[in-house]
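Given next, in structure tokens, is a single chain: the form predicted on its own.
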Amino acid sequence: MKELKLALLGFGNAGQAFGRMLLEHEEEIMKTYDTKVMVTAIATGSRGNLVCSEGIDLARALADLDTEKGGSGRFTDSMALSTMTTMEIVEWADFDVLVEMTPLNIATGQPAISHIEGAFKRGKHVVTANKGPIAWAYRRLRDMAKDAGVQFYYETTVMDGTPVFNLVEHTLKMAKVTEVSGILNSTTNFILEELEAGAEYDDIMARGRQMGFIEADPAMDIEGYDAAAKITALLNVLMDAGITPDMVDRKGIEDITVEDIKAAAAKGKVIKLLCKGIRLEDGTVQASVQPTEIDRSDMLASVNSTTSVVSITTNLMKKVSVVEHEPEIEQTAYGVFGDVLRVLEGR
């Protein structure tokens, strides 16, 4: 039986959900692909690192971090504990696929970009859930992967496990994407909807934090930075835009008031943080993130709570929309899981 060795950079909620998914489908993967998938490295920010070329005890690693079930919150496997840094794991550890799930650096895409570059230089495949590299350095990374003859997948970067990039690549053949638009930030969508329903801002934020999708500092979402990175990633992949997030005409919802929402409602409209990218006549791509009044009859007006939607317009198939309904961490894990299966299929 063949082996596929994974190095996991980042092992937060999504990484742990991915680990559980691997364990749950281990037998099915072996039966389907005649391959045993094993994790040979895990890097975390504060819980320790594990490195073992023969394979880490993934069930034990997950149990260590599960404090609700008696875990210590840190790795305890003395045979696999390592002092290697994340970059040293990239450069020296034994793996076939680098799975990049480190926290997003919205300003530069680093160090995730360097992690991916390091893997390509070693001829390793890469799966990333980190949108930073796709937003800041997609063309360079795409070309590096091609030159190295390795696979590079990133389905999870924009809408969790929803197959947006796969949809265009595999089912919209020869169709040229001319416009991409959507509601891509669930935090702002939730806040605007709750404000319209009459909830107090502080209560909305507290409930969102309790539900796990509003950060302690929500500025990246509220000021439109996350949405700008997502639309940039979409445009770079689907339209070869070659842009970066600082080139997006960005405005978040930080100045939207209850009065604004009521005024829009009086006109039969709702306010949504709309992302958009369009190819201009000169061939360049123009991108924006803006609070926008939308007619209640428009499909986008019905996109509520933590649901997201992306609409892709092409010259041949016209407009196609994909909706992700109130995703949880398992959808993110599945995006990574599906990309790993693509690596298996492409070997």
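For every residue, the number given is its place in the sequence shown, counted from 1. Treat the numbers as computed from the prediction; the structure is a model and nothing was measured.
Note that the form predicted in complex with another copy of the chain isn't included here; everything after this is about it.
A.B. asks: Which pick from Thr108, Thr171, Ser114, Thr257 sits with a heavy atom within 4.5 Å of another copy of the chain in the predicted bound form?
C.D. replies: Here the answer is residue option Thr171.
A.B. asks: In the predicted bound form, which of the listed residues (Arg139, Lys176, Arg207, Lys262) lies with a heavy atom within 4.5 Å of another copy of the chain?
C.D. replies: Partner contact (heavy atom, 4.5 Å) among the options: Lys176.
A.B. asks: Looking in the predicted bound form, any heavy atom of Pro163 within 4.5 Å of another copy of the chain?
C.D. replies: So Pro163 counts as contacting another copy of the chain.
A.B. asks: Residue-level contact is defined here as any heavy atom of the residue lying within 4.5 Å of another copy of the chain in the predicted bound form; does Glu28 satisfy this criterion?
C.D. replies: Judged by the heavy-atom cut-off of 4.5 Å, Glu28 is in contact with another copy of the chain in the predicted bound form.
A.B. asks: Residue-level question: is Leu341 within 4.5 Å of another copy of the chain in the predicted bound form, judged on heavy atoms?
C.D. replies: Leu341: yes, in contact with another copy of the chain in the predicted bound form.
A.B. asks: Quick one: does Ala17 come within 4.5 Å of another copy of the chain in the predicted bound form, counting heavy atoms only?
C.D. replies: Because no heavy atom of Ala17 falls inside 4.5 Å of another copy of the chain in the predicted bound form, the answer is no.
A.B. asks: Quick one: which of 280-288, 296-304, 37-45, 52-60 gets within 4.5 Å of another copy of the chain in the predicted bound form, going by heavy atoms?
C.D. replies: Only one stretch passes the 4.5 Å heavy-atom test: 296-304.
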